[in-house]
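Below, in structure tokens: the form predicted on its own, a single chain.
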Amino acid sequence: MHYLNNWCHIRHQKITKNGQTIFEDEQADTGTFLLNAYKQLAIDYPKFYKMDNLCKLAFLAAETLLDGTSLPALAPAEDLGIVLANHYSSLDTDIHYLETAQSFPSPSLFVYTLANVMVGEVCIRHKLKGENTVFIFDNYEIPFLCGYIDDLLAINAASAVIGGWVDVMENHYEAFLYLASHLNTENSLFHDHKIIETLYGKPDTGFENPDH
């Protein structure tokens, strides 16, 4: 049996962990919201300022999710994985990079024109050296991703996995992350796709009509 130990949700100008609001900024656009959240959470990681919005979103979600969790005590780095998905891949940054290419292509943007860079940033920050994957789907395919993570845990390809959905397109953004493992704590839930669907709630319909 596998367990869901914590979860984090970022959308609608709000960050929640295990259902409790820890930050809210109703007036901010995407970039401002992410920056204000970073400052409010008192994180010291200067590289954050260089990241694109997709990486910033994944970074903040992982920081929130793992706050108070000792990953080294949970498993060796080689047994810590991360499996994410989104719809727009790195398109939000791709568009901005293409705009700079009309005059001089921006090297600082170019390095973020792959969706799996967000996983790389989280892996570097939290020293995850196990399975890392990003899937591109039309929607958050919870049964598939839950099953994929279950398989990793079942065959001992990982002892703990961060799973979820992280997507950005202009002023629409959403991150939903959770930590799945073999560990059953007092507050753990079963790692079951129906439970995850309940925690995630309804999809953000704002993504159906992006601003561009």
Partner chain sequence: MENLIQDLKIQIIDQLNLQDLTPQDIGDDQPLFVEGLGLDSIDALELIVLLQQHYDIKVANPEDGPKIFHSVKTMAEYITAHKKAA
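Positions refer to the first chain, counted from 1. None of the values given here were measured: they were computed from a predicted structure.
The same protein has a further form, the form predicted in complex with its partner chain, not shown here; the description that follows concerns it.
Per the 4.5 Å heavy atom criterion, its partner chain in the predicted bound form is contacted by stretch 47 to 55, the sole one of 47 to 55, 146 to 154, 175 to 183, 65 to 73. Taking the partner from elsewhere, Gln102 is found to have every heavy atom lying beyond 4.5 Å of its partner chain in the predicted bound form. Using a 4.5 angstroms threshold between heavy atoms, Ser106 counts as touching its partner chain in the predicted bound form.
Remark: Leu35 counts among the residues lining its partner chain in the predicted bound form, judged by a heavy atom distance of 4.5 Å or less.
In the predicted bound form, at least one heavy atom of Val111 sits within 4.5 Å of its partner chain.
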